[in-house]
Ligand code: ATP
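Encoded as structure tokens, the following chain is the form predicted alone, with no partner shown.
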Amino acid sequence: MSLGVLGGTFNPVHRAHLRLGEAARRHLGLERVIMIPAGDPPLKHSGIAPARHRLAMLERALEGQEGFEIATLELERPGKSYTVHTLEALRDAHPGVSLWFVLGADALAQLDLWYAPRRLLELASLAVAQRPGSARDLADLVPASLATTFRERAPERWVHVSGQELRTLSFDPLDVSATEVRRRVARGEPIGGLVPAPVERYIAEHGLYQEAA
């Protein structure tokens, strides 16, 4: 059995997040995708809505969606949240299950700056979603210091010395970002096409993102 892991601040969750999760589920043959809202992400510090709101919006966005679940372990963990600790916890909770960590091409290119990246590559296979204009060959994305830990390389599939994989993920992205959603809210502009309707209502009801992003 294989599970996908899709983390983020989800500040707020939007339609592109959901499309990416569904693309990963289909492309990788996953039983389900675990969405993990970040608690205290080390590389982002300002303009983040309180965790309870981000979780509530994610719950509303996934209501009725098959093949998705939410894990709150990063919200419950005190201090900084690191992906490697999250993957270790998921491995312990799901012994014998293959994990696929989904990330963007820009994140893969900076993976050497993450906490314990070599350990991360041992814990889960990676599926990298390509944005328009991104390099298609993984050799153009994987940091040089980590590239040496892979024993097999093809343009769209590498195999790590641990046996975990790195694959490109076919993904037709939407032109939407959380930053744009927040800016639109601050300007009083509609966001109905960018986020699920329950998320739009929640933002309005709780007065989120009223200040410019």
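Start at 1 and count along the sequence shown; that's the residue number. The shown structure was predicted, so the numbers you read here are calculated from the model rather than taken from an experiment.
Same protein, other form: the form predicted in complex with the ligand, not shown, and the subject of what follows.
Scanning L138, A107, L90, L121 against the ligand in the model of the complex with a 4.5 Å heavy atom cut-off leaves one residue, A107. With the partner omitted here, the residue from A147, V161, A51, V176 that has a non-hydrogen atom within 4.5 angstroms of the ligand in the model of the complex is V176. This chain is displayed without the ligand, yet in the model of the complex the stretch 99 to 107 from 139 to 147, 68 to 76, 82 to 90, 99 to 107 comes within 4.5 Å of it by heavy atoms. Although the partner is absent here, L6 is a contact residue: one of its heavy atoms lies within 4.5 angstroms of the ligand in the model of the complex. The ligand is not shown here, and in the model of the complex it never comes within 4.5 Å of any heavy atom of R60. Among heavy atoms of A24, none comes within 4.5 Å of the ligand in the model of the complex. The ligand is not shown here, but in the model of the complex it comes within 4.5 Å of a heavy atom of L20.
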